[in-house]
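Below, in structure tokens: the form predicted on its own, a single chain.
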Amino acid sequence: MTAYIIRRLLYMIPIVVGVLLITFVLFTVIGGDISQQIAGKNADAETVAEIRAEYGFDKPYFKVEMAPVRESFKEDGFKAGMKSFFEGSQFLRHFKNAVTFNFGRAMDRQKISEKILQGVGPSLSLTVPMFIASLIITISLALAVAFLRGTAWDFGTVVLCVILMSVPYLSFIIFGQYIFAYKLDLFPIYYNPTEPMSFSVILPILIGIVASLGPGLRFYRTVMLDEIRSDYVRTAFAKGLTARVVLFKHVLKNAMIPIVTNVVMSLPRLVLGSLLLERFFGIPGLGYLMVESIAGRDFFVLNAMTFMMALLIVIFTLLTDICYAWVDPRVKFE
């Protein structure tokens, strides 16, 4: 297991470098120099030049002039030489800032790390309850529907899942806001910073649960059906075990591999928030930050968020493989 984990951690290095290269090309090379945008329309040439120097836009994209780097190594030592090397090109500067989580400042001059930390709490307050409730409801209903396979309840559930999957996510949000917030006045339409966060996220959580029932229930129903047709299930019923024991103790336990895969790979999205829900309800989470950064062409924030997303996905992919051996002793990593 240890050798497998070390090998997978080494595999992460080229993946992370590849992500950094792609984000650099998209947001810096293709996006172009945005010094004038940062400085403002009426800024003079001196101000624009200062901003270009501050953000490193005056350096070449990839090539590093080695003469100043060698001179820095000789005169100021190793630390200063390495700093001069990484500041020698825009890509190396981008790479160093990402690896050290020093993302710099956004276009509004606030530190990007502060923006991300401020958005984590609101995002988790929305996504964690929504995820846990959806997981419990969909798995429980999937077990019941799989047990009642072939009946009218099973057919009706499949039809309902298809209908829910066909409705756009945005439609759930607009319907929920209009009916439950505007017409019935049961929930706030928009986030109010003077109210507790828990009061503002109730309606988005309910909308997220309803919107996830279709795809979640259909996926877990398929997983449970694959297990419930197995011979050990018939043997368990023949021994006189109750349906509750068979479903929750045997079927659920043997279906954990696809469940773990789906659950663990969904965890990065919890941290990164829900783009539509946060934007339409004004919840100041990371999803809201992403939408605002796209609208404002704040490539620095987009760079940081994209890197964080890729890093979380790579880490949780490794955790998924490790969890396989935990839930199923038959899985061995050679």
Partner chain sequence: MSNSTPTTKTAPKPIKGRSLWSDAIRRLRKRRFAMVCFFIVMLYFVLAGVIFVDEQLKESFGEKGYQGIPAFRWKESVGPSYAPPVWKSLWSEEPGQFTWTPEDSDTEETGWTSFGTDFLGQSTWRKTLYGAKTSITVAVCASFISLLIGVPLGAIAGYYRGKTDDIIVWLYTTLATIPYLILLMAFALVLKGKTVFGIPLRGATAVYLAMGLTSWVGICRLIRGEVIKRKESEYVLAARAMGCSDMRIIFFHLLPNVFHIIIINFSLRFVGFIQAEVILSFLGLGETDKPSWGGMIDAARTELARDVWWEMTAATLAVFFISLALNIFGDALRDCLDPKLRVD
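Keep in mind it's a predicted model, so treat the numbers as computed, not measured. Positions refer to the first chain, counted from 1.
Below: the form predicted in complex with its partner chain, not depicted.
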Open item on the list: Since the partner isn't included here, can you check whether its partner chain sits close to all of F101, N262 and L267 in the model of the complex (heavy atom within 4.5 Å for each)?
Closed with: no
- [ ] Sort through L186, L117, I132, L170 and report the residue having a heavy atom within 4.5 Å of its partner chain in the model of the complex.
- [x] L170
Task: One residue of L302, V271, I51, I283 in contact with its partner chain, assessed in the model of the complex (non-hydrogen atom, 4.5 angstroms) - done: L302
Task: Partner proximity in the model of the complex: L319 to its partner chain, non-hydrogen atom cutoff 4.5 Å - done: no
Open item on the list: Under a 4.5 Å heavy atom criterion, is S35 part of the interface with its partner chain in the model of the complex?
Closed with: no
TODO: Check whether F199 has any heavy atom within 4.5 Å of a heavy atom of its partner chain in the model of the complex, and answer yes or no.
DONE: no
- [ ] Find out whether any non-hydrogen atom of R218 is located within 4.5 angstroms of its partner chain in the model of the complex, and reply yes or no.
- [x] yes
Task: One stretch from 118 to 126, 79 to 87, 137 to 145, 158 to 166 that, in the model of the complex, holds residues within 4.5 Å of its partner chain by heavy atom - done: 158 to 166
Open item on the list: Residue by residue through 290 to 318, which ones have a non-hydrogen atom no more than 4.5 angstroms from its partner chain in the model of the complex?
Closed with: M290, V291, I294, R297, F299, L302, T306, M309, A310, I313, V314
